[in-house]
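Just one chain is shown here, as structure tokens, and it is the form predicted on its own.
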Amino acid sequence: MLTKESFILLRDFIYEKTGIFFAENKTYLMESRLTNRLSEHGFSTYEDYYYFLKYGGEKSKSEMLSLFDAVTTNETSFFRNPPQLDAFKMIMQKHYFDGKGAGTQLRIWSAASSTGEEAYTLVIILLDMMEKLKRNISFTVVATDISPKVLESARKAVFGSYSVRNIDEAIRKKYFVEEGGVFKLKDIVKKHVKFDFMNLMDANAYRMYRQMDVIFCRNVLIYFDDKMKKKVIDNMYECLKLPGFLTIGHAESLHNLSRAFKPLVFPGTTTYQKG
């Protein structure tokens, strides 16, 4: 059983390493997510597991990646939240297909990308726009996550029916190969995405993601406290070129977090532009 004392030790340790904050009413959630980690190492208490993480030396370093896998939430699918994707299309049309940005190398960052559905969705949208508008732009999508397990899955680009449930049938047939009850993404999409490990808590790591045109960081801020949220948003602001665009989760807001971004209102959603 996870005692209050052990919960606080682990909560503060996880927050320090990842920025993810477990409120006290989430004790049961932490307990359920870490049970397998205790079993694998043969620990009888959560306190023992904490001290292993804290003082286990080289062994605890490799366990840290398993901890990241355990505490992160990876609920995603293709073409999730259509109003945000429609806003992305309008921004692409105005600034990169028709505007001054046309002909440049477009760089997009899918932060906390999980198993890759978001990053691959953005590629499909751009490929479709290029075909319909008979325009060609050069682009790269960088997708990052703190979980090595989901990054490995994302690189394989093999998805179940649940992940592709929102994809139009014509699009699905065009960009996927259905085989044995799963959907394998074609290389024409995969080749545009580069996956990297990245901890949003690590201020130095942002140096690798400068000069971005667009950042998607959806449904991530809800796991951070206000202090961590501000750090992430400030760092992402610095990573964007002018006029860069940031999309966060539909239930998230930059209110009281940053006044540096200009809110752009689209039907059913808001996108934030670097000012």
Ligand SMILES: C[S@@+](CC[C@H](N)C(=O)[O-])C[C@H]1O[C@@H](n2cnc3c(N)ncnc32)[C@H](O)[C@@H]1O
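These numbers were taken from a predicted model, which means no experiment stands behind them. Just count from 1 along the sequence shown to find any residue number.
One more form of this protein exists, namely the form predicted together with the ligand; it is left out here, but the text below deals with it.
- Proximity to the ligand in the predicted complex, defined as a heavy atom within 4.5 Å, holds among Y50, Y209, F245, F224 only for F224.
- Only one listed stretch (161-169, 131-139, 174-182, 196-204) carries heavy atoms within 4.5 Å of the ligand in the predicted complex, and that stretch is 196-204.
- Shown alone here, T73 lies within 4.5 Å of the ligand in the predicted complex, counting heavy atoms only.
- Proximity of L10 to the ligand in the predicted complex: non-hydrogen atoms within 4.5 Å are absent; the residue sits far from the partner.
- Within 4.5 Å of some heavy atom of the ligand in the predicted complex lies at least one heavy atom of V220.
- Looking at K89, you'd find every heavy atom of it more than 4.5 angstroms from the ligand in the predicted complex.
- Taking the ligand as positioned in the predicted complex, the residues of 113-134 that bring a heavy atom within 4.5 Å of it are, in sequence order, S113, S114, E118.
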